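To begin, one chain is listed below as structure tokens, in the form predicted alone.
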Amino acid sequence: MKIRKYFASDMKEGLVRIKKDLGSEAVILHSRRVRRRGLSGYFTPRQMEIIAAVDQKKHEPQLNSVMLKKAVEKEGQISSMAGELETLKNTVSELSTAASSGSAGHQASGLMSKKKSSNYWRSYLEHHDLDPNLLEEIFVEAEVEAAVPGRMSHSRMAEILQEKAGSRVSSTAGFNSRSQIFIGPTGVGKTTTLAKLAARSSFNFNEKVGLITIDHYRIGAVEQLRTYAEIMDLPLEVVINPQDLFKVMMRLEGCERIFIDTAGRSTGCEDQLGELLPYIDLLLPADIHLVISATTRRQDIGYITERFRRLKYNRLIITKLDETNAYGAALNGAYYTKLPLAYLTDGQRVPEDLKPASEVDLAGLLWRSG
């Protein structure tokens, strides 16, 4: 077996070099991101280190044949032993192949099965709008684990990929702070999600709950939350400017948990995002939930998570899972932010259509119909 180490800017470049050097039968044994050697390595992007190998057994029979031929020539018995040596060579080759992998046919079938299964699952996960870099990472790891002799079943390949995808996502349960703030773009379901969590805290955990809204921009926003507050018999305070927060928090002093609704912000408008900062600073420490709809494209999720970062969010909520059949948003959000998922919602019912992320097989969402 020939084993070689390669360095490339990314996996795609590395695979091209490996295929050119070792051929299409080469297998990746290991890969990782490393810094270039020397001082310059600290000022340049990490590169991909890839260890690949190719089996050279197919050349061994030719070598053995040459050696045996020389031995026979030395004894002067080529004419009488040529037939016997050819038969012996074929027998040894068959036994060697059978001992190592069952048969050449089975080995080729196993490789074909792995390739076919890998291509299927890559196409399947692309449908779920997974980030290309995340997709490449889990396939590199999965293919290393799958690079063993023999057949790899379709379902086993799915299990490996699901395990690798799941390792990229963390979740959190419950609340760490008295104040629960909900931020995010317009139309993602912040107010409904807040109502679900407030009802859960009040009815399921018997907490004294108070509600605050600083969403006085959207027509009907205060009325929507006021309706929820009246149904759940919870106090609601409306805050017009940051200076009102101190008085409002004093009036809600007896509440164990306070849920704060904010106006949906235009992701591309710095001024609108900046308007929320004074409120958030006065409410700290707090659990700040960035709410993202599951219908959001991965490019937009990357944009949203980056633009809202200045508002100091520390956990994620994914909403509207019932409105899509592509579930990459949860994994993309966790991958971009490296923050835990707190809750998922999949309907309008309050509080039923809400699940703690810690109770959901997050990676398994992708395999619902696979």
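Numbers for residues come from their place in the sequence shown, where the first is 1. Treat the numbers as computed from the prediction; the structure is a model and nothing was measured.
A second form of this protein, the form predicted in complex with a small molecule, is not displayed here; the remarks below concern that form.
- You can rule out all but one of 282-290, 242-250, 131-139, 184-192: in the predicted bound form, only 184-192 has residues with a heavy atom within 4.5 Å of the small molecule.
- This chain lacks the partner; the member of Glu306, Glu49, Asp55, Asp322 within 4.5 angstroms of the small molecule in the predicted bound form by a non-hydrogen atom is Asp322.
- Though the small molecule is absent from this view, in the predicted bound form it lies within 4.5 Å of a heavy atom of just one residue from Gln272, Ser167, Gln224, Ser177, which is Gln224.
- In the predicted bound form, at least one heavy atom of Thr345 sits within 4.5 Å of the small molecule.
- In the predicted bound form, no heavy atom of Arg200 sits within 4.5 Å of the small molecule.
- Heavy atoms of Lys196 reach within 4.5 Å of the small molecule in the predicted bound form, making it an interface residue.
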